[in-house]
Each structure stands twice: as C-alpha cells, then as structure tokens.
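Okay, here we've got a single chain as structure tokens, the form predicted on its own, with questions on binding and movement later.
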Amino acid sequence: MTDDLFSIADKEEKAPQKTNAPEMSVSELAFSLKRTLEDTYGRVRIRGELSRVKIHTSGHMYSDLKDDNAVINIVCWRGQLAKLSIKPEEGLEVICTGKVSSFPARSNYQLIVESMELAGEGALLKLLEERKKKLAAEGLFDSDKKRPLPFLPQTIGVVTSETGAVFHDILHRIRERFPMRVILWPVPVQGKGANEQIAKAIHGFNAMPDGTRPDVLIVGRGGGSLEDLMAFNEEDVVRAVAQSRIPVISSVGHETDTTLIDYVADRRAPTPTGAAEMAVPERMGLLQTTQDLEQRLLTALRRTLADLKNRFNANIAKLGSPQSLLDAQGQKLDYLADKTNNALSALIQKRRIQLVESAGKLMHPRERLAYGVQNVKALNDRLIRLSGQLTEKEENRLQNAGRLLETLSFKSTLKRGFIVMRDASGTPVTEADSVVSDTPYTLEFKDEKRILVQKDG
C-alpha cells in the first residue's frame, strides 16, 4: 500500500503545472521587445568603429558599430544621413547618438542613428591622413601645378566670414601696403554645410566675367580646433581650389595649423596678415626701390656719357688737324692721277705699236684685187676643164644607152621580116586566140608603115 501511495505521488509531480500567463505570438513578442527597447533606451550615445558601411539604393545607410568585444547594427535613414556632420567611412571611430530599437523581422536589435561625430582628435587625424593620401595619389598636390602669384593684382577676392576678424585684418593690411580693390564672398567657416559654401564661393569667383574676376584669391579663417577647421579639409573644397583658374592663397588657422587646402593652394600663408602681404607688394618699398633704380640709372648714364666724351676727345687727338688730313689725301690723289696718266699713255703706245704691226701685214687693195682675179681665172679654167670631162663622159654613156636601146628595140626584129599587130587601142596582139571577128587591126612593118585590116567573121 505504501508503494501505491508513492506511485500516486510521483504521478502528481510529473503532471504539467497550470499558469495564468497569456499566450503571445512571435510578432507580438518581437514588437513588445521593440517598444521596451525604445522606451528604455530612448536616447543613447555609443562609441565604436564603423564596419561594413553600405548606402542602399533607397538612400538609407546600414552599418555595424563594433569594439573589441561586441557588435551592434546601426541604421541611419536617408533624411537623417544627409544631415550628418561627417561622411560615414569604413574604419572611422565615431560616437553615434540615437535610440535603440529592433528589427522584428529578424529579431535583432539595432541603433537608429540621429547624429554622428568623430570620436576624438585621433579619429580625425586618421581620416585626414587617408584623405590626404588619396588626393595626393590623384596629383592634386604636385608642385608643378603651383602657379605664380601676380606681382601687382588689380582685384583681390577673399573667401571667409564677414563677421570674423580675418577679413578686417586682410583689408587693413592691404590698405597699408598697397590699396587695391577687394571683393568679399562671405561664407560660414565652420559647421554643417560650410564646406559647400566655401567651394561654391571659389567656383563663383572663377565664373565671373573678364574684367571683374579677381586676379588672386585668399581663402581662410582664424584659428580653432581640428574639428573647427574641418570645412577646409573636405574634398569638395580641396578640389575647388585645385580647379581654380585664379591663383589661391590659403590662410587657415594659426601658423601651426595645417589643412588639406594648404597642400593644394598655390601659396600658404601662416596668418591672414601674411596672406595680404603675399597678395600685394609694399607700396612704399616699391617707391623706394624705384627711386633707387632711378638714381642708379642716372649715375650709370652720367658715367657712360663721361666715358664716351673721353673716348671722343682721345680719338680727336689722334686725328690731328683737318687741313693736314686734307693735304695728305690731296697728295694721295695727285699720286693716283699721275699713276693713271702714265698707265693710260703706256696702254695707248702699246695699242699703236700693235696697230702698226698689223697694218704692215695687210696687202694693198690692188694687189689683193689682182690676187683675187687670178684665183677666179684659175677656178674658171678648172671649171671649164671639169665641165668638158663631165660632158664627154655623159655623152659616151648616152651613146652606149642608145646603142643598147636600138639593139633591144622591136624595130630591129621588124627588119628581119616580122610585123607588129595592134588592136584598136594600140596594144600589141601576142596570141591568136585574142583576135576577134569584125574587129579592125593595124599591121606595122619595118619602114614604120601601117596597114589597117579587118578579120571577117
């Protein structure tokens, strides 16, 4: 019986215990946790390193914020992302401000970011160093791209705050050194959107028409912390300076402060006053230099004139009196005249002798005529002789040809009793078959007599 009691007790302990807790679906639990997280951690500040930064096509940003031991997902909606003071980048150490929530579909919690700032100066320096390497690799800081500043600009453009002391220091120093036309493009020099305004001002100055566009630009602000100077480290400002057709002087912060536009600007000034001194020369110094140069020029001219005068007098002393020069030249002229006359007389005498010698070789006209007549008579006799010989030779040839012709003539054949029969056209009839009836023919005998006959049919 005791065993039965124990068996009943064991069965009662193993039976499920009843509870009054209500049942919940997964969605109800997930959204309940979401409300609890948002109510409990409505506003928190979390420090960590950005990882897996992704900007979705929707414009929202999804990333992780991590430290050595944990990771939390973070989300920044599109509208809030555009308002962040820094651009989220992989590896940046930041402080995010927002509320903790959850994503019910995945049942994981996340931080909805409302603002983001760099976590200390070390993070800023790391960001600037990486950005500096990137821009340097593009060649924006190359020294061969630096342009010389104009010696005496007519117009100076200034990009800075209108309320700070920087512009007044620049304006005061320019008026002291060399008064020039100064144009201020007022911009905020720190805070959100300052970099956009600064870049817009630089582009705006460059877009001004010729005649109104400044000859040199001064971009600067006073001192401040590294975060205060961040606007001058942004890429859009650095690229605006690099693209500027107007030479740019950078004057940001104190002498020990360095920003990225210092590397890309054509000149870097340690202070706003130093920038003004670079932009314009000192008027009084130029006047003093001009006076010194004028005095040196006058001294040089006097020395040169004195040297020329001394050389002129020395040359005059070497020349002697004009009359002696004329006498010497007159004597030289007389010598040349005598030499010319003698040479001319000798030439005439030589030509006279040549003429006499040539005349002695000439024949008298009568002798030359008689010689010509004799030559003509001799030629005539020779012509008569040759003509007779030629005539006799041709006569012999003619006689031989006549004898040969007579020998070969048909008339010789007629003398031996033959006759020549010709038709009406005078053509000799050589064949009997060619004789036609009722046709007249002529018979020619050796005495050249001809008889007309006709063959009957």
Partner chain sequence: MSDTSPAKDISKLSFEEALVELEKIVKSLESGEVELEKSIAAYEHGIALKAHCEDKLKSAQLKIEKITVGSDGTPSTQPHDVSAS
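Owing to the predicted nature of the structure, the values given are computational and were not obtained by experimental measurement. Positions refer to the first chain, counted from 1.
What follows is about the form predicted together with the partner chain, which we do not show.
Participant: Look up in the model of the complex whether F178 has a non-hydrogen atom within 4.5 angstroms of the partner chain, and give yes or no.
Facilitator: Judged by the heavy-atom cut-off of 4.5 Å, F178 is in contact with the partner chain in the model of the complex.
Participant: Hey, in the model of the complex, is R147 touching the partner chain, heavy atoms inside 4.5 Å?
Facilitator: Looking in the model of the complex, residue contacts with the partner chain do not include R147, since no heavy atom lies within 4.5 Å.
Participant: Please run the contact check for R296 against the partner chain in the model of the complex: heavy atoms, 4.5 angstroms, yes or no?
Facilitator: Contact check for R296: yes, within 4.5 Å of the partner chain in the model of the complex.
Participant: Is there a heavy atom of K133 no more than 4.5 Å from a heavy atom of the partner chain in the model of the complex?
Facilitator: Although the partner chain is absent here, K133 would stay clear of it in the model of the complex, with no heavy atoms inside 4.5 Å.
Participant: In the model of the complex, does each of V71, Q190 and V252 have a heavy atom within 4.5 Å of the partner chain?
Facilitator: No: none of V71, Q190 and V252 comes within 4.5 Å of the partner chain in the model of the complex.
Participant: Among T304, N341, Q331, N315, which has any heavy atom within 4.5 Å of the partner chain in the model of the complex?
Facilitator: Exactly one residue meets the criterion: T304.
Participant: Within 4.5 Å, heavy atoms only, which of E93, E277, D236, E162 is in contact with the partner chain in the model of the complex?
Facilitator: The residue in contact is E162.
Participant: Among 333-341, 99-107, 167-175, 242-250, which stretch sits within 4.5 Å of the partner chain in the model of the complex, heavy atoms only?
Facilitator: That would be stretch 167-175.
Participant: Counting only non-hydrogen atoms and a 4.5 Å cut-off, give the residues of 256-294 close to the partner chain in the model of the complex.
Facilitator: In sequence order, R283, L286, L287, T289, T290, Q291, L293, E294 come within 4.5 Å of the partner.
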